[in-house]
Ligand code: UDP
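Given as structure tokens, the chain that follows is alone and in the form predicted alone.
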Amino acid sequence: MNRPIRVAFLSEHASPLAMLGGADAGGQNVYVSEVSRNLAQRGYVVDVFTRCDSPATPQVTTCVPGVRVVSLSAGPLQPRPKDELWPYMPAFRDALLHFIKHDEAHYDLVHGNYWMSGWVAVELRKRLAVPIVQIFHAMGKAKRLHLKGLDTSPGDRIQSELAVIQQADSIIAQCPHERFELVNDYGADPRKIALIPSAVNSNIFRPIARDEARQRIGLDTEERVIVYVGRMLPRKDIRNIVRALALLLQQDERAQGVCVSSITLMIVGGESEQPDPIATPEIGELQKLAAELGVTQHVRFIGKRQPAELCYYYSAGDVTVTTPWYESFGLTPLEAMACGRPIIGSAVGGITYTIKDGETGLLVPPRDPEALAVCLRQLLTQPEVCIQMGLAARKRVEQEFTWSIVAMRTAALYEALLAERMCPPLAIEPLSLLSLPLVSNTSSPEEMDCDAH
């Protein structure tokens, strides 16, 4: 192909233009932004299609050469929770087709992000006759299992996921656990699944000396500091960290000359730059819990911060903690590792893949503050172990989890799909790039009913 390969990235609720840190602005936004930019550096042309949520947003924004963000009118021109966007997907599809027609754009491939964009991708496959690659970022069955009555996903979600899995030409799994879910929970064809882990920007997230980082963010303390960075949602279970902190303080022991009662828990995230329990109800719940446990003076809420600042918050800590109930992949462990800090994480989902237990951090059961308190004591009383784990963590990121590696693997997947379209399948040699399988042809897509939303 003489001209650049053009890719339509679909991401209905997660725009690369959004400020990160809110309830619906996290890992998917980062993935879309970083993969599209790194694909452009490899010569691809990428248009990212997302839902417009403000009348002030231009329809087309050029991010970097080769990457445009196209904001489509679909539903109200205001932010809405992602679980309320499903009824607007036919309008999103129609607006996208209208843009293609009037922009005279030609796309060689469609890359869907999340299940709703997956539905739109399948609709485009029918009309444009191009292959589609799908990444879910999170699966509906896992969410229903772990959240139970708190799951606000539309009732059509799982059935739609099943249809997208059946009709997609290839599905990206970010870790072995997600591949297991796709095959065992959804009956996905293993030959269609490409294992391509997500990553971290190792230039933005980099090690900074602890004292320098604390000075930069105005953290005036010589205490041991535990850091949580991420979205403020019940399923992230920051309450588990607060409970573990209380257990540590109650014990009031000394080990190797370190008084573990001299601890600060720094919580970074929320819907506003200043911590606001009205804008971010989970902050209010955490404040209430800290008061009940008598640890209020040991907990500092920071508010929302952007990536360029976050490396200072990670680096200001002695250890980073993330103990969600479940996590499909999770980027914050990689961010902490890139900053050269050990990470304690729940032994769930992708966290079990990114953290090497005992080498770059420690794994603990979810919802187990006692186990977390034991691991916190282990690291906070052994600073030399923290240093060694931090060095190993940074090295692991540089070798396995950079966005340039993700773009290389994704481009190889694209090219295999496009080559298969141009040549008989038997003429294609098996693709031997890491775990990237040869993607087989699928049958023509079946109709997906979107009228009963």
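Predicted model, so just to flag it, every value in this text is computed and none were measured. When you see a residue number, it is the position in the sequence shown, counting from 1.
Keep in mind the form predicted together with this ligand is missing from the figure; the text below concerns it.
Asker: Just to confirm, with a 4.5 Å cut-off on non-hydrogen atoms, which of 165, 175, 245, 331 contacts this ligand in the predicted bound form?
Answerer: Contact residue from the list: 331.
Asker: Which residue, 225, 120, 310, 133, is the contact with this ligand in the predicted bound form, using a 4.5 Å heavy atom cutoff?
Answerer: After the contact test, the surviving option is 310.
Asker: Heavy atoms within 4.5 Å of this ligand in the predicted bound form: which of the stretches 297-305, 101-109, 140-148, 122-130 has them?
Answerer: It is the stretch 297-305.
Asker: Taking this ligand as it sits in the predicted bound form, is residue 341 near enough to touch it, meaning that at least one heavy atom pair lies within 4.5 angstroms?
Answerer: Close contact is absent here: in the predicted bound form, residue 341 is far from this ligand, nothing within 4.5 Å, heavy atoms only.
Asker: Please tell me whether any heavy atom belonging to residue 231 falls inside 4.5 Å of a heavy atom of this ligand, as the geometry stands in the predicted bound form.
Answerer: Yes, contact at 4.5 Å.
Asker: Under a 4.5 Å heavy atom criterion, is residue 345 part of the interface with this ligand in the predicted bound form?
Answerer: Looking in the predicted bound form, residue contacts with this ligand do not include residue 345, since no heavy atom lies within 4.5 Å.
Asker: In the predicted bound form, is there a heavy atom of this ligand that lies within 4.5 Å of any heavy atom of residue 161, even though the partner is absent here?
Answerer: Taking the distances in the predicted bound form, the answer for residue 161 is no, it never comes within 4.5 Å of this ligand.
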